[in-house]
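Next up: just one chain, as structure tokens, the form predicted on its own.
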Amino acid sequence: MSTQQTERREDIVAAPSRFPLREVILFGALLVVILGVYAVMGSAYSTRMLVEAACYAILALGLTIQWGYAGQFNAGVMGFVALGAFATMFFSVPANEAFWGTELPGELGRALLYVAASILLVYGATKLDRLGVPRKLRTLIAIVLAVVLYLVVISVLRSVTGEIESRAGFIGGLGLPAWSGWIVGGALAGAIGYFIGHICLGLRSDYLAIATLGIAEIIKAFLKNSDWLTRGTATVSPLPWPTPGPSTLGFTLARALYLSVTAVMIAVIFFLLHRAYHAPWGRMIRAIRDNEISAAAMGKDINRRRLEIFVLGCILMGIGGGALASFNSIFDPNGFLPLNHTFLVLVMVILGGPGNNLGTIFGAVAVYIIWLMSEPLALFLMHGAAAIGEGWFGWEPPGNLDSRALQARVFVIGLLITLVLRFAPQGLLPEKVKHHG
């Protein structure tokens, strides 16, 4: 090693880390805003706002490792959130004796075995070319078999689910602690993400966004129309909390306890992601993001690493969706809107800085406060303008100010993302990439 290289390495090691002035200013300003909301809106409302913001922060961390770490644009956030919420509902809701006390569980299990067997048969048909069957004939056999088995299985399944809906309403839950549903929700979202990743990660970023958005709509449609499993549009409520609820501790204290649980979750996730980001695995992921061809030339398994990061992000989205569903105490398949669970999370990541975990947490809390408080602020301004117009000019105020104030949320978020993309395209806390050369 030359003397010049040795001096350069010593300079790098000896260089002091800079004081995080921007981080301190931004989080200090955010704290002032939060205290202002507490002063104006009260502790119960403000604590609820922080709990929901913390749940969205978990979702945003899942998106920032997909988009920020690996450059994967996942437009199907709401699908994985819905899976986490469904698992939480299924595991935490008390058991339905009208279903479990009859012969219906056995009939449903038999129908599901038919489904599994049909999938295995079709999969086996796709491998017939290994036995010497021509590929075109193999494909034809697989398609015909899939159509026939689908018609048979769907008939059996509809008969059983119709009986469940007419006699029991829906199958109910398992009566387990809510946190078990969060874990299973993350695992379920990760498993579906693994399946989607095998199909979609070979697509370009724009096609990946379209594919994930379509799959999310499929998941939402399935949950909405499976009344025997989710009660569909009738919703399932109330969902139990993993902590003592408001009936035991009161609204403020119960929400504060729930907030402490979500804060611990965020701290653990942040610590693990921070370690992974600065580990060789994280550097490899960023190398694949920045120059996939060079990373492949160095012998890196591109597809495997991209699949790992996609599944990890989906797991966090499932966990965040479960925590959010438990706190809202309701499972509503119609409530998973793209604006709330995809676009809003995307704005959080853009504002904070893709690839910066601390920035993502800041962006999640800041954007959710803006999203929630823009309605009462817009209503206050509209009432003030209406009073001035009526008193000074004799104008008759419109009667639908409340609905117009609600629409101000969309305008404010659109204006916010426009300003950020114009003046801070890398986010308020950009990703810090160290160059030691």
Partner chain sequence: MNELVFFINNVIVAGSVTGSIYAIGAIGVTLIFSIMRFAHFAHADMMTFGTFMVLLLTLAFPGVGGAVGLPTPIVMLPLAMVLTALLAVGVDKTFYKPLRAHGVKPIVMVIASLGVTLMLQGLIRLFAGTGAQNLYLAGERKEIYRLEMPFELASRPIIVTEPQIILFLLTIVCVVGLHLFLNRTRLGKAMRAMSDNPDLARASGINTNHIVAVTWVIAGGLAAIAGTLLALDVTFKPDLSFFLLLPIFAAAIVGGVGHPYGAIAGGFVVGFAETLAVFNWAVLLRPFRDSLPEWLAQAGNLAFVGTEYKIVVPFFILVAILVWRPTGIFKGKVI
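This one's a predicted model, so the numbers in the text were calculated from it and none came from an experiment. Numbering follows the first chain given and starts at 1. Between two forms, the rigid core is defined as the largest C-alpha subset superposing within 1.5 Å.
What comes next is about the form predicted together with the partner chain, which is not displayed.
K.L.:
Within 4.5 Å, heavy atoms only: does residue 410 come near the partner chain in the model of the complex?
P.N.:
Yes.
K.L.:
Within 4.5 Å, heavy atoms only: does residue 329 come near the partner chain in the model of the complex?
P.N.:
The answer is no: residue 329 has no heavy atom within 4.5 Å of the partner chain.
K.L.:
Contact with the partner chain in the model of the complex for residue 226, defined as at least one heavy atom pair within 4.5 Å: yes or no?
P.N.:
Yes - in the model of the complex, heavy atoms of residue 226 and the partner chain come within 4.5 Å of each other.
K.L.:
So in the model of the complex, does residue 24 come within 4.5 Å of the partner chain, heavy atom to heavy atom?
P.N.:
Residue 24 lies outside the contact set for the partner chain.
K.L.:
Pick from 157, 209, 261, 284: which residue has any heavy atom within 4.5 angstroms of the partner chain in the model of the complex?
P.N.:
For this set of options, the contacting one is 209.
K.L.:
Select from the listed residues 346, 311, 111, 188 the one whose heavy atoms reach within 4.5 Å of the partner chain in the model of the complex.
P.N.:
Of 346, 311, 111, 188, the residue with a heavy atom within 4.5 Å of the partner chain in the model of the complex is 346.
K.L.:
Is it true that 67, 218 and 417, all three, sit within 4.5 Å of the partner chain in the model of the complex, judged by heavy atoms?
P.N.:
Yes, because 67, 218 and 417 each have a heavy atom that approaches the partner chain to within 4.5 Å in the model of the complex.
K.L.:
Could you tell me which of 312-320, 210-218, 79-87, 98-106 sits within 4.5 Å of the partner chain in the model of the complex, going by non-hydrogen atoms?
P.N.:
Within 4.5 Å of the partner lies stretch 210-218.
K.L.:
Looking at the partner chain in the model of the complex, which residues in 143-157 have at least one heavy atom within 4.5 Å of it?
P.N.:
Those in contact are 147, 150, 151.
K.L.:
Rigid core fitted, is the C-alpha displacement of residue 426 between the shown form and the other one 2 Å or more?
P.N.:
After core superposition, the displacement of the residue 426 C-alpha between the shown form and the other one stays below 2 Å, so no.
K.L.:
So, does residue 24 move by 2 Å or more at the CA between the shown form and the other one, with the core held fixed?
P.N.:
False for residue 24: its C-alpha shift is below 2 Å.
K.L.:
Comparing between the shown form and the other one on the rigid core, is the C-alpha shift at residue 411 2 Å or larger?
P.N.:
Yes; that C-alpha moves by at least 2 Å between the shown form and the other one.
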